[in-house]
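Considered here are two forms of the same protein chain, supplied as structure tokens in two stand-alone entries, structure 1 and structure 2.
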Structure 1
């Protein structure tokens, strides 16, 4: 399988590490061999080699901050920007791991459309194109007999979409609700232990859970993007951000936390979706709710089904190797179904 990547931050590097470290195991157990032939980034530079890039060299160059240190080769191209790479590369799959934009999804959305037009399967960790352009991309993929896979967009490597779409395929899912943002869950957990909101946020930033500008997390927008993805994947809904009720955790005080605790309840930022719509808001959950026991940066989701009742899935919602694994699982699914 020949792969081109848009973006090569922590998640892209996580996938590269897995492909390097598990190459023999993937070949022997899955019959799967992958080569990264092209990478385009906004800050490190661009690389393309039809025979495949050396992953060790690629990771070393990324660690240095620039692909300028990647070893020279007569067949190596450094001049192809994203659109040129998608059109010209001898590749099977586009892996989109550039930063998410939940307002326009650009330029990633256009790259995905171009990839499908040029016969490439799509694997995404970037939430933007799936949240905002799902219907058009899904239709284009189906028309071209290609696959669009996006397990990494909701709960990193925890197989949320696989469970909903495959493992529970015989069930009717009436609703899904969960803790889909690890940053806010970490902050609320620390607040329950007595830390003020500002201190908990600072700690989350120091640990790398929260960005310098944490608004996308603490105001609920990251979870809202994941709700749109679930709405499309599970219910075939055409929801937009304007259809969602979104509230973050910035107004929750220590008094609120204490009041919940006194009533055997716990605050969680809960994202909910059904065929009727979706929302993101802080909720006071009884301690016997499975989601109430999920602490720290961990994510969780509960699917309400007709045949199996409530199914709760708990696992990592972020992380370099965890999200890289989600990308790998999608690549393997494409490999198994199309025998690339």
Structure 2
């Protein structure tokens, strides 16, 4: 499988590490081999090599902050921009891991459209194109017999969309409710242990949980984007941000958290969605509510179904390798269904 990547931040590097470290296991157990042939970034530069880039060299160069230090080779190209790479790389899959923009989804949305036009499958960790452009991308993919996969966009590699769309395909899901943002759950957990908000946010950024612009996390927009993705994927409903009630955790003080604790309660940022709409809001949960015990960057979601009742998934909601793994799981799904 020949892969091109747009973006090479923590999550993209996580996928590259996994492809390097698990290469033998993936070949022998899954019959899967992958080469990253091109990477385009906003700040590090661009690289393309038709035979595949050296992952160690790529990761070392990324760590130095610039691809300038990637070893020279007479077939290596550094001049291809995203559109040229998509058209000329003869790749099989575009992995879109550039920073999420939930207002316009651009330029990623245009790159995704161009990729489908040029016969590439799509795998995304970037939530923007899925939250805002789901319908048109899905239709374009189906028309060209290509796949658009986006497991990484909700609860990292915890197989949330896989369960909702594939494993529960014969059930009707009436609603989903849970903790869908790792950064805010981490911050709330740390604040309960006495850490000031700003320090907890700094830690969440250092651990790679937060978005490039963390205001999207703390103001609830990241969880809202995930609600839109779930609404599209589960209910086929074209909700927009304007249909959602969204409130983050920025108004919750250490005193609020202490007051909740004194009453055997805990604040959680709860996201809910059904066919009719959705919301994101901080809620005080009694300690015996199963969601109250989900701490740190862990996420949880409960699907209400007709045949199976409530099904709850609890697992990583953010993180470099956890989200990198989600991308791998999508690449493997494409591999299984198209023999790439």
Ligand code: HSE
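Keep in mind that what you see is a predicted model, and the values were worked out from it rather than measured. So that the term is clear: the rigid core is the largest set of C-alpha atoms that superpose within 1.5 Å between two forms. Residue numbers count along the first chain shown, from 1.
- Two forms of the same chain are shown on their own. Structure 2 is the form predicted together with the ligand.
- After superposition on the rigid core, displacement of the C-alpha of residue 262 between the two structures amounts to 2 Å or more.
- A displacement of 2 angstroms or greater separates the C-alpha positions of residue 285 between the two structures, with the rigid core held in common.
- Once the rigid core is overlaid between the two structures, residue 187 counts among the residues whose Cα shifts by 2 Å or more.
- Its Cα shifted by 2.7 Å, residue 251 is compared between the two structures on a rigid core fit.
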